[in-house]
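This document starts with one chain, in the form predicted on its own, laid out as structure tokens.
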Amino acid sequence: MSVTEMFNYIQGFLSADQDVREDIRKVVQTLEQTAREILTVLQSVHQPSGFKEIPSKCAKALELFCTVRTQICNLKTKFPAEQYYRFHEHWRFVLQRLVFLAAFVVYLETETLVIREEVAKILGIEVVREKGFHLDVEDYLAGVLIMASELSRLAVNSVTAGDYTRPLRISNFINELDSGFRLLNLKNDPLRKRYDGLKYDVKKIEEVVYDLSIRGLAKEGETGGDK
């Protein structure tokens, strides 16, 4: 093979690779749009009247996840399954956002932490790497940490809405989450930096709970919740 032939071959390889990446980007853009639509639906729970609408908003969000599953099925067709990590960077961010949204829906419905397997089911993807398009552990953890930040905001807005027990429950949940993350030896720099943000979320929620306590509202909320 001559030098010219070799470089022509390389150019053909680069062009084919670029075509694959462009196809992936187009599908990822549709996923990003759907993720924004789900977020818009869920953002309304932060409004004073939003807590009464949580069941209907979660139901609407889950309907939109049907679109997500269809779009991910389309994405799977754009590259060989064994090359998942070669192109992973293209959908990593939106996948983490979708994990956050799925985790937030589950928390709003049950006030529990969604497991990785359940998120994968909601998204219509695998958990085991060998089975193809899957939910990477670090993407799952990153999405959970984004949810923690959203819950700190929800704690503040709960007080505004007159719900004084919710911040206490959120505080207990976030503290358990923090304890869980402390058990992990995080070597992924972006993930570790995002975990550092969890410390501020814990502090923010603790300040909300403390403020409720000194105003006597936390005790009032607990009493109201027991009735």
Partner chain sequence: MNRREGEGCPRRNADAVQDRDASANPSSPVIAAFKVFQQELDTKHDKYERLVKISRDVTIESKRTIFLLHRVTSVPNAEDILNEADVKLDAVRQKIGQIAEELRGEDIFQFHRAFTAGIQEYVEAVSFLHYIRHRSLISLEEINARLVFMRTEKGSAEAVQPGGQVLTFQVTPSDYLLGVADLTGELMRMCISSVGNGDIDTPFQLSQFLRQIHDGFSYIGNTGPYEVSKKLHTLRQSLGKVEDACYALRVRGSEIPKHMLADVFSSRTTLLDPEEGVV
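A quick note: this is a predicted structure, and the numbers were derived from the prediction, not measured. Numbering follows the first chain given and starts at 1.
Here the subject shifts to the form predicted in complex with its partner chain, a form of this protein not shown in this document.
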Its partner chain contact in the predicted complex: residue 141, any heavy atom under 4.5 Å | yes
Is the gap between residue 207 and its partner chain in the predicted complex 4.5 Å or less for some heavy atom pair?
-> yes
Touches its partner chain in the predicted complex: residue 76 (any heavy atom, 4.5 Å) | no
Taking 4.5 angstroms as the cut-off for heavy atoms, does residue 53 touch its partner chain in the predicted complex?
-> no
Residues in which of 178 to 186, 38 to 46, 23 to 31, 58 to 66 have heavy atoms within 4.5 Å of its partner chain in the predicted complex?
-> 178 to 186
At a 4.5 angstroms cut-off on non-hydrogen atoms, which residues of 1 to 30 are near its partner chain in the predicted complex? List them in order.
-> 1, 3, 6, 7, 8, 9, 10, 11, 13, 14, 18
